[in-house]
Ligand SMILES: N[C@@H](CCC(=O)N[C@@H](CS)C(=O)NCC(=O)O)C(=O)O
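So this first bit is one chain, no partners, the form predicted on its own, shown in structure tokens.
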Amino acid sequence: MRITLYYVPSNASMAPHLLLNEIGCPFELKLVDRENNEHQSAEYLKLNPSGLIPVLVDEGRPIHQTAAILLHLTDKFPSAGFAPGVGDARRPALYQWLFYLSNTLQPELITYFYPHRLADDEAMAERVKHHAEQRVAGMLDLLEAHLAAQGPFMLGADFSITDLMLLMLCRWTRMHARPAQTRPHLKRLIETVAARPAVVKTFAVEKLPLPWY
């Protein structure tokens, strides 16, 4: 079995890195030198034409997009139990929340981190960033309400890949005026997931500075 994850610390590659350590399967990590634009090299673009990180290569086949990688790994290793199986009544909720996180919350966080992509000058960039943070706050409030009603995890009593994805994205809010951990149910989920041995190992390998979230 040959699995390779192309990653950058604290990047969107974190969730797949977390899952690989949770599963416990052998894999290789390849650090992408983003400072020197390795993600725009011809070699990397063969793996992912968008030049984005992460890429997972499984038996020579590249897969990109974080949510797609997570789903692929859970289906490849179903006995690990990190997602309800196809046909399980809980599976639609997994799709719903995983894609809410990847298609709604994550893009807004990207806007927060890279406001200049949508602005013509510094003042406009600051407004874009401000409004992105406000929209993120509303999304976190929605997630908090969901956890309050149906937690402690995103699928209720069952820990899943959605919680790993959520931990990664919540960590990205740590510099906000109201980071995710200011909400009690999100805080509890973050602390519970961050304490898992595979998560601690991943954070150590990625050499993330404290505080982690």
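We number the residues from 1 along the sequence you see. Since we're looking at a predicted model, the values are computed, not measured.
Separately, the form predicted together with the ligand exists; it is not shown, and the next lines address it.
Checking H146, R171, H39, H185 for any heavy atom within 4.5 Å of the ligand in the model of the complex turns up a single hit: H39. Among the residues R117, K76, R127, R91, the one placing a heavy atom within 4.5 Å of the ligand in the model of the complex is R117. The stretch from 174-182, 23-31, 58-66, 155-163 that comes within 4.5 Å of the ligand in the model of the complex, counting heavy atoms only, is 58-66. The closest heavy atom approach of T192 to the ligand in the model of the complex falls outside 4.5 Å. In the model of the complex, at least one heavy atom of I110 sits within 4.5 Å of a heavy atom of the ligand. Contact annotation: L18 falls outside 4.5 Å of the ligand in the model of the complex, judged by heavy atom distances. When the ligand is considered in the model of the complex, I53 lines it closely, a heavy atom lying within 4.5 Å. Of the residues in 9-38, those that come within 4.5 Å of the ligand in the model of the complex through at least one heavy atom are, in sequence order, N11, A12, R34.
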